[in-house]
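So this first bit is one chain, no partners, the form predicted alone, shown in C-alpha cells.
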C-alpha cells in the first residue's frame, strides 16, 4: 500500500499543515476540501480577530514550503482576522501544495476496501477507501480527518438537545459570532440575547457593546448556564495570550458599565414566539423579556457519521480519541496544561485512521493551532515509518484563566450560587465601587 496516497479530509490550517509535513517526508497527500476554497470555514468567521499572533499560526513545514515559493510572512507580532489568516496564509499554502489540494470535494464516507465494520480479516492489509460526493472512490494508505467541528454548533437547549421551538425559530437564532458590521441591520437597535460562557460569547458581547454605543436602542442580555459568573472573564493580565486576556477585561468592563445584563443559572428549555420576537424559557419556567435576536455560542461537536464503517475508539463523554480525552477534559485541564501528544494518543483500532485538529478534541473547547501543528507533524512521521520522530512530541502552550479547574467549563459545583440555583439577574460593580 506504500504507493497509495494519504487522504487528508479538510483544507483548513491543520489539514494543510498535515499535507505540508507529508510532502516533506516524500509522501503523496490528497487533500479534499468540501468548500470552494482552502480555509473555507475560517473565511466564514472572517470578521473575528484571533488571540494568537502570526508567529503562532504558521506551521513550520508549511512555512518552509511557502518560502520556497517566494512567500513573504506577515508581521510575526500581528493578530490576523479570520479573513487575513485565510487570504494571507491558507490560500497561498494551498497554491504551494498545487495539485495535492482539491476543493468542492466532500468526503462522505471511509471504509476498509471490501470490508464493512464487523469484518476482522484484512483490516491491516487492505487499503482504506475514501468515498467522495458524486461517486468517486480513492484508495488510501491512511486517512487524516482534519474537518474540524465548525459545521456542528451545539444547540441553545440546556440539555445538549435543541430546545422546544428552537428549530422553528432558526431565522432569529445565530450560532456563530455575529458580524455586527456586515449585519448591522439585524442587530442595531434591537434586543439581543447571547448564550454561552466561552471566548466566542465574550467576543460577541464586546462587538455588540460597541454597536450599542453607536445605536443606543441596542439592548444585550447575557445568559449563563452556570450559577455564578466565576472565572468566565479569564486570566486578564495574567493570560499568556495577551489578546485573549484583554478580551475578558473588555467584556468585564462592558458588564460593569451596565451595557450588558447578566442572567445566571439559565438553561434554555423552550423558545416561544411573541409576535416578531422570541421569549426564552428556562428549565424551571423562568421567562425572559422578549428579544429580537438570539446568539447561541454554546460550543461545537464533531460529526463522526461519515466514519461509521471504520473502527474508532472514542471517549463516551467528549467523543475524543480515548487516549487523548483525559488530557483535554475541560473539567480538569486548561488549554495550557494539555500535555504534548501525537500519533500515539490519536491512533484508533482502525489502522491508518487519525482524527486531528479541533475534531480530535471532540466536545472539549479552546483548541490552539500550535497543538494541531504538532499533532500532524507526529502523525506524518508515523505514517512515514519514522516511529522515533513520531514519539518525540514537544509543545509549550500558553496558560489561561478560563479553561481549567473545577467548574471552569460549563457547570459549577452545586452551591447557593452553583449550577442548580434559580436564574437571577446580576449586576457587577466596577472595581472600587460599592456593591
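This is a predicted model, so every value here is computed, not measured. Positions refer to the first chain, counted from 1.
Another form exists, predicted in complex with a small molecule; not displayed. Remarks below refer to it.
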* Verify the flagged residues 111, 143 and 343 against the small molecule in the predicted bound form: is each one within 4.5 Å by a non-hydrogen atom? => no
* Asked: Between the options 248, 357, 321, 196, which residue brings a heavy atom to within 4.5 Å of the small molecule in the predicted bound form?
  -> 357
* To do: Have a look at 390, 40, 384, 61 for me and say which one sits with a heavy atom within 4.5 Å of the small molecule in the predicted bound form.
  => 40
* Asked: According to a 4.5 angstroms non-hydrogen atom cut-off, is residue 367 in contact with the small molecule in the predicted bound form?
  -> yes
* Find out whether any non-hydrogen atom of residue 65 is located within 4.5 angstroms of the small molecule in the predicted bound form, and reply yes or no. => no
* **in the predicted bound form, residue 302 touching the small molecule (heavy atom, 4.5 Å)** => no
* Report whether the minimum heavy atom distance between residue 45 and the small molecule in the predicted bound form is within 4.5 Å. => yes
* **Location of the small molecule contact in the predicted bound form, chosen stretch of 143-151, 69-77, 257-265, 345-353 [non-hydrogen atom, 4.5 Å]** => 143-151
